[in-house]
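First comes one chain, alone, set out as structure tokens in the form predicted alone.
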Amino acid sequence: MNWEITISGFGGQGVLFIGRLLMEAGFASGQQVSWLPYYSGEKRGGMCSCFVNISEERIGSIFISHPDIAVAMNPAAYAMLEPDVKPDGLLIVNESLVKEKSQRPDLKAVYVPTVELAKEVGDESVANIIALGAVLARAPVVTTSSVIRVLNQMMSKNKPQLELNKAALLKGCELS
């Protein structure tokens, strides 16, 4: 299977981080992977995206124009991604910031109150991880356990943040 995923939002929302988690989990699972970050010149608050390919076969292009899966973390990302998701694709929408609903009957749009759910877990900064869990609940891109293994490696020096991220991932995965 070849998964083409685009994640977009404001800088500071953890868009690049969840893309990297997907890429690292795919790589650890023996898949071919690519990760291409894209961001504007601002440090925080500017638009930011990443393109993630996870495939059993060789990847021909790292740029994705019509993703199988898209994650829109803010209204501008939604406006950009919603028209481009492939028919029968998956669109995860951060309902905490995006109030618009898709009118496309040919895609599966899932609205997730990421900020509210992140607050339930303990900190709204893990809203991105809630969105990642929602992706994993609906598409077998990588396993939840492979993402947890990557989190354990990446965040081993910050146990409280590691546990918060794992709790947020599992909370997002419950959204099926």
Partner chain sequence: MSERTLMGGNIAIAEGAILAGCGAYFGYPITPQNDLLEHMSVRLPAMGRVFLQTESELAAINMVYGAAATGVRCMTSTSSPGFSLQQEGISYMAGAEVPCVVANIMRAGPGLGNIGGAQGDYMQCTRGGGHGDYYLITLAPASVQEMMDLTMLAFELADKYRNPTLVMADGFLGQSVESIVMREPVKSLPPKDWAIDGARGRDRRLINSFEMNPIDHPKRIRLLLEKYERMRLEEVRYEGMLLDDAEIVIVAYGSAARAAMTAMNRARKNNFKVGLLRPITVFPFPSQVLSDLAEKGSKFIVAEMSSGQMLEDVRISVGNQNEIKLVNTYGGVPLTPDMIFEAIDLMS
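Residue numbers count along the first chain shown, from 1. Keep in mind the model is a prediction, meaning the values are calculated, not measured.
Another form, the form predicted in complex with the partner chain, is not on view; read the next lines as being about it.
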Exercise. Indicate whether the partner chain has at least one heavy atom within 4.5 Å of a heavy atom of Gly122 in the model of the complex.
Key: no
Quiz item: Hey, in the model of the complex, does Ser65 get a heavy atom within 4.5 angstroms of the partner chain?
Solution: yes
Practice problem: Indicate whether the partner chain has at least one heavy atom within 4.5 Å of a heavy atom of Met23 in the model of the complex. | Solution: yes
Quiz item: Using 4.5 Å between non-hydrogen atoms, is Pro140 touching the partner chain in the model of the complex?
Solution: no
Exercise. Select, from the options 104-112, 124-132, 140-148, 56-64, the stretch whose residues sit within 4.5 angstroms of the partner chain in the model of the complex by heavy atom distance.
Key: 56-64
Practice problem: Identify which of Ala118, Val33, Leu136, Ile69 has a heavy atom within 4.5 Å of the partner chain in the model of the complex; exactly one of them does. | Solution: Val33
